[in-house]
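Shown next as structure tokens: one chain only, the form predicted alone.
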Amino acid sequence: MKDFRCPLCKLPLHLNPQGFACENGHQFDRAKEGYFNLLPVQNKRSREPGDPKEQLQARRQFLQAGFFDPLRQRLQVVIPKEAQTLLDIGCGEGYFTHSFAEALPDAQVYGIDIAKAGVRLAAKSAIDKNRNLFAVASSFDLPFADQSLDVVTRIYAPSKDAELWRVIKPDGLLVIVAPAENHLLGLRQRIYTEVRPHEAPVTPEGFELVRQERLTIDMEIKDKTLCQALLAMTPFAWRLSAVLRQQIEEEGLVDQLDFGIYIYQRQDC
């Protein structure tokens, strides 16, 4: 827990009976579910930023059905076993963060998200609430000390290059997962007249791409409830017409999950 810093004054945060505090007296209490709120109110752009509770619950339902298990298992292998600190940016309800904690039984694993509802779900299901910590925080102003993290993972989440470089240790790793060319292509073809291919992420400033992989998974969903969950968690699903939505829910969906996994190493600037 020594890796956290105050989001207000940037001084180190120290554990006390209520939660965290810095030497300037800024106190951040630990919620009953086990998470911390390190997102200052002045940094919020809305009352409840991030994904809404219903979308997060749909995501949890779909992920727990196992469709993303091959990606989860591959990421467990990609993460170096010697890592002692890992941060999962945009952790949502904690599906991948928990898997990192399983793969690194001796490491301190953190998850942050601006959506309080997601962080609450993640913290409630954490096996070790001291070793696997969650916080409501911004990926553009990370509440972590300089060069405190061995690995940062970013799965379908935004971030700021300078902040990633600041918090990752020299020669530490950044792992980015982004949709590849055929990700949910069938669904997108039914929604859009013209389907634009997903582009690979731009290498963040201060990092070097050392490896990349592609993981493609055939997917067939027959259960109506799981179809509803996928559509609810998909960012472009709001473009669905009521007729097409009902058709997919009733008939099921056959498609592909297609992921690009990009592994970067921090370089001295």
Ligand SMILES: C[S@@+](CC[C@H](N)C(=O)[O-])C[C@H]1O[C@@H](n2cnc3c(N)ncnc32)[C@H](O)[C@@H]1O
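Predicted model, so just to flag it, every value in this text is computed and none were measured. The first residue of the shown sequence is 1; numbering continues from there.
As for the form predicted together with the ligand, it is not shown, yet the points below apply to it.
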* **Residue contact check: residue 155 to the ligand in the model of the complex, 4.5 Å heavy atom** => yes
* Asked: Taking heavy atoms only, is residue 192 within 4.5 angstroms of the ligand in the model of the complex?
  -> no
* Is residue 172 a contact residue for the ligand in the model of the complex, using a 4.5 Å heavy atom cut-off? -> no
* With a 4.5 Å heavy atom cut-off, would you call residue 58 a contact of the ligand in the model of the complex? -> no
* Asked: Taking 35, 86 and 99 as a possible spot, do all three reach the ligand in the model of the complex with a heavy atom inside 4.5 Å?
  -> no
* **in the model of the complex, the residue from 112, 168, 121, 176 that sits within 4.5 Å of the ligand by heavy atoms** => 112
* Asked: Out of 133, 91, 149, 164, which one falls within 4.5 Å of the ligand in the model of the complex, going by heavy atoms?
  -> 91
* To do: Spot the stretch among 78 to 86, 179 to 187, 91 to 99, 193 to 201 with residues whose non-hydrogen atoms come within 4.5 Å of the ligand in the model of the complex.
  => 91 to 99
* Asked: For the stretch 122 to 144, which residues lie within 4.5 Å of the ligand in the model of the complex by non-hydrogen atom distance?
  -> 137, 138, 139, 140
